[in-house]
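Consider the single chain below, provided in structure tokens and representing the form predicted alone.
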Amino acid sequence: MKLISGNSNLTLSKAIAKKLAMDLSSAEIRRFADSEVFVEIQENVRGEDVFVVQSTSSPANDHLMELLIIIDALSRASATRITAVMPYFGYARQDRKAGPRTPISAKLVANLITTAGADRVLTLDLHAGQIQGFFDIPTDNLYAVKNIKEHILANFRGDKDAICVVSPDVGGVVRARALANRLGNVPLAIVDKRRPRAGVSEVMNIIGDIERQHCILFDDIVDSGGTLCNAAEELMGRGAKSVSAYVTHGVLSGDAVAKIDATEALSRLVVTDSIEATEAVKNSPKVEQLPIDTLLAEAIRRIANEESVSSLFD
């Protein structure tokens, strides 16, 4: 077995390698003067089971091209099986036609990964579970909900009976319900919002009883932070005891971290390290990263040993 990392999240790749008690394989990934990506695998991979760890986070197109070219290089070097380990699958929000003459980019990216030579995909908390069907190769979609549950229980140990899980939109109800069930069937509330345009959200109503509750906003992606901040302010305005947010993928583009730090209604944002922390995230008093290296390392180990991965979903 070999483990190779792209440049998107080298910190996580090293942590996974450490959990597996192995070293990252040597590979040179650099740019030509015109920004073309060049990859050279610097050790023999013929007949090997190779795992490529690469999130397609910002800059998404650069990191996607790195992943595709690494896979192609491994395929041409006669690796037996190539697994694309994508802690964060970019373009996942473009999973359907949102309007006339618009693309389904998530399907296009799935086709590119398959065509490049990947034999399997391992990812975490896809924006929509049906994206697994975009791939014509085996795809394992892990969930960070167990890690998140443990963190919540540790932080609200003395006030567990006052926890309420809140879905920031109607589309995330299934995800929020899964967390509520894991926490012992705690109450569930829903933020009814609308998007007048891309990247902008307005809270219309709160469905459910959140008064005197510790509200846990739970989502898969936080990008601009506008939805979380608006929802937190509305929840506190309607009598919530506190509002925390738990999100798997902290995209946090632009001034998102500054916006979250400035929002008094939101006490904490916890994201996983599926996307490498920026300096703004590292220096934020409110944003915390939850490690997922153990989860990914165990999944990689099981795939390499031809063991069941489904038990990790429980």
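Computed from a predicted model, the values in this text were never measured in an experiment. Residue numbers run from 1 along the displayed sequence.
Here the subject shifts to the form predicted in complex with ribose-5-phosphate, a form of this protein not shown in this document.
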TL;DR on 103-111, 219-227, 76-84, 132-140: the one with heavy atoms within 4.5 Å of ribose-5-phosphate in the predicted bound form is 219-227
With a 4.5 Å heavy atom cut-off, would you call residue 169 a contact of ribose-5-phosphate in the predicted bound form? yes
So, residue 193 and ribose-5-phosphate: in the predicted bound form, are they within 4.5 Å at any heavy atom pair? yes
Examine residue 93 and determine whether its closest non-hydrogen atom to ribose-5-phosphate in the predicted bound form is within 4.5 angstroms. yes
According to a 4.5 angstroms non-hydrogen atom cut-off, is residue 127 in contact with ribose-5-phosphate in the predicted bound form? yes
What are the residues of 10-31, in order along the chain, with a heavy atom within 4.5 Å of ribose-5-phosphate in the predicted bound form? none
